[in-house]
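Consider the single chain below, provided in structure tokens and representing the form predicted on its own.
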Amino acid sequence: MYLKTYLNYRNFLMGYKMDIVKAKNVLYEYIRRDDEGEVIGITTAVDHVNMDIKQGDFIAILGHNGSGKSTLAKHFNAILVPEEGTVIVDGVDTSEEDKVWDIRQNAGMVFQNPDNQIIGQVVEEDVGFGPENIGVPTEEIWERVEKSLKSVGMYEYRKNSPNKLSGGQKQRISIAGVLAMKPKCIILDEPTAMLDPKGRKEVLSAVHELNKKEGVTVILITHYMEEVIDADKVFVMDAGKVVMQGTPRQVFTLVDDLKSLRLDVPQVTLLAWELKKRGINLPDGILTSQELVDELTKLY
């Protein structure tokens, strides 16, 4: 009896995931003032948002420009602090000013433009800059640099100048720089927005590898639908609110709703949806070309 109880408890703990980021009733407004300091307008960028993100998950946050997704992301590593509500990162309230650097070590941020995050003249020096700043011993810094560069497939470029790399390679260097800080979570704010298709593929492949092999929690902010089909959960934002959430299949089943939010769906999902409207008996939420081929093969 006792052994059975112990085994059940152990299995429960093994399957249980802790919250790494928890947003509760978060409100944030941008206030516009005239030259004399008088308020002339208020824009609610994040409107009482609730969100729980588990350690090790791959989360995608979608929304058109101005939906509030990037403003929300900046709350997850204390770049912004809620005017109302709370954001807890790995058990720490982001409003605690003396804990900001602890929060940013646990939740690293990667932005759209890699040139804004790369400061070193040599790749390995750039990646080692963060750990050096927080007092990591020299020997450990180089261990972290090597591991981080290998994890994003950029180790062979460690002696190169970042200025001679492609956009996708630079973005992978930016991710390696965050990884060298040993975060539990990486927040990527539209990291592929400035990249060509090849660069986008490189960056996403590296991010998925980190999530699967290293167990790093990934929060991906994007408006590219194809980038989220492998996510564990998708949140859709509009006018500062979370208006839809679920697995990619659940979300992309709602094609009409997404269109009303000025969002696209993956091309293959749209094709399957159009075929279904024309009387072909296909399931909802097809996400990949192979799924569509398999379903059509069953029918014909």
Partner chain sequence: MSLIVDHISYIYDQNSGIPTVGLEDVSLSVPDGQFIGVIGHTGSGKSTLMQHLNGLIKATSGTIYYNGEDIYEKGYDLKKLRSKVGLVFQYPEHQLFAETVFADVCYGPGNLGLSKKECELRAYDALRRVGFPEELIFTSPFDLSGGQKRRAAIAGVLAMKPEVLILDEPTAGLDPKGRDEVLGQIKKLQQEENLTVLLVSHSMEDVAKYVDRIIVMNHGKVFLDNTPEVVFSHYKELEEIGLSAPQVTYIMHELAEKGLNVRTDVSTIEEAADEIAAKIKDRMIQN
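Predicted, not measured: the structure shown is a model, and the values here were computed from it. Numbering follows the first chain given and starts at 1.
Quick note: we don't show the form predicted in complex with the partner chain, though the next part is all about it.
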The chain here is shown without the partner chain. Which stretch in 238-246, 49-57, 255-263, 23-31 comes within 4.5 angstroms of it in the model of the complex, by heavy atom distance? 255-263
As a check of understanding, the residue in P197, G215, G91, P137 with any heavy atom within 4.5 Å of the partner chain in the model of the complex should be identified as P197
Scan A193, V100, L80, V122 and let me know which has any heavy atom within 4.5 Å of the partner chain in the model of the complex. A193
Check whether C185 has any heavy atom within 4.5 Å of a heavy atom of the partner chain in the model of the complex, and answer yes or no. no
Is there a heavy atom of T86 no more than 4.5 Å from a heavy atom of the partner chain in the model of the complex? no
Can E209 be called a contact residue for the partner chain in the model of the complex at 4.5 Å between heavy atoms? no
Using a 4.5 Å heavy atom cut-off, state whether H223 contacts the partner chain in the model of the complex. yes
Can you tell me which bits of 268-291 touch the partner chain in the model of the complex, meaning any heavy atom within 4.5 Å? V268, L270, L271, E274, L275, R278, I280, S289, Q290
